[in-house]
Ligand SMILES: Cc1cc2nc3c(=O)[nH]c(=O)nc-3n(C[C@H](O)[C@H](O)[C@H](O)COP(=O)(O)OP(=O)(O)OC[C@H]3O[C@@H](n4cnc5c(N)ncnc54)[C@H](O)[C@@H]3O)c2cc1C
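Shown here is one chain on its own, the form predicted alone, set out as structure tokens.
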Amino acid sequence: MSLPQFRILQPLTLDEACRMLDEHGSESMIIAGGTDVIPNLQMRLFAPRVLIDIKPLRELAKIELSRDGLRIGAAATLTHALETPWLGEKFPVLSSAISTIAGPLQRNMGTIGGNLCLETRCRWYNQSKFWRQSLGGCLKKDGDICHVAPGGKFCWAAWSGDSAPAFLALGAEVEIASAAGTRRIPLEKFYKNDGKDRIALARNEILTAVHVTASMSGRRGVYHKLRVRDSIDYPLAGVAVAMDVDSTGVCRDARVALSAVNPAPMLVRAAAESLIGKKWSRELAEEIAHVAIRTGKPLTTSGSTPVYRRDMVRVFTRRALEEVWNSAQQSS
């Protein structure tokens, strides 16, 4: 599959990149690592006339820790994050999740911002142009029907990123820039839970960084992922857990987040209420696992069945909770 014709522009500053977006409007797209954008261009899922390359912008590639907390620039590569030693020590759920993304070559190219802005995926959408045309398109591209849920007008394409649930479990915020200025919003509000209109990012805006407050430093956490091939594939289900456990084994705060089983990465809201003030028990872990099942709503968007993916959400939630509590007890 060949690429469509386009021009590549390389701004020297973030301000220049924002001006380019304003100038070229809907005919332009941001590209950084290109590990998601280029395959999608080859499948003609979109065909911009201009690609604005922000990868060389050093101001967007920094990973910094201050008294205010963690700031990761959107153009920082996944490998850079993994090779930052204190990141895994202070925010283990992040390194756990990032280490599962694709393979080493893709992590060398892929960026944090790109992973947070991935296209949603569906077996009916992520196909060649010829394949899609033979089917009459779908609600997400060139059609008016969702083949996953033909009776409705909602796109169920699934969110398939790994870093987003980890950042959600840490209560992250994202920084967004445009020619009009910058703004910050909670990462949770960045995602719309709509397979077609997936993120709250206007055409003239750029995701520039993700922030995690200092209070989240040191939280124990882990990410578990279901995929067909462990070496490279997107998640079919993912569970991130981040917890603050005191020296007696009591949970002081906790967050559980899911990926790949909804059109957006999602927090399991009821999990914190059930976990805070409690000590580890198999019964409690099973209770939270069933709460997670009610949050995740996998449909036939991938090669795996919804029933299996839902059951693996339960298994992964239980395993992650046990792993986090065990690590807390071993260090106390």
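One rule holds for the numbers: they count along the sequence shown, beginning at 1. Predicted, not measured: the structure shown is a model, and the values here were computed from it.
The discussion below concerns the form predicted together with this ligand, not included here.
- At a distance of at most 4.5 angstroms from this ligand in the predicted bound form, none of the three residues 244, 284 and 321 contributes a non-hydrogen atom.
- For the chain shown alone, residue 292 is not a contact residue for this ligand in the predicted bound form, no non-hydrogen atom being within 4.5 angstroms.
- The shortest heavy atom separation between residue 81 and this ligand in the predicted bound form exceeds 4.5 Å.
- Taking non-hydrogen atoms only, residue 195 never approaches this ligand to within 4.5 angstroms in the predicted bound form.
- When contacts are judged by a 4.5 Å heavy atom cut-off, residue 106 counts as touching this ligand in the predicted bound form.
- When you look in the predicted bound form, the only residue of 251, 118, 155, 187 with a non-hydrogen atom within 4.5 Å of this ligand is 118.
- Checked against this ligand in the predicted bound form, the candidates 30, 41, 267, 264 yield a single residue with a heavy atom inside 4.5 Å, and that residue is 30.
- Residues within 4.5 angstroms of this ligand in the predicted bound form, judged by any non-hydrogen atom, belong to 72-80 and to none of the other stretches in 87-95, 72-80, 128-136, 178-186.
- Contact annotation for 215-233: residues with any non-hydrogen atom within 4.5 angstroms of this ligand in the predicted bound form are 225, 232, 233, listed in sequence order.
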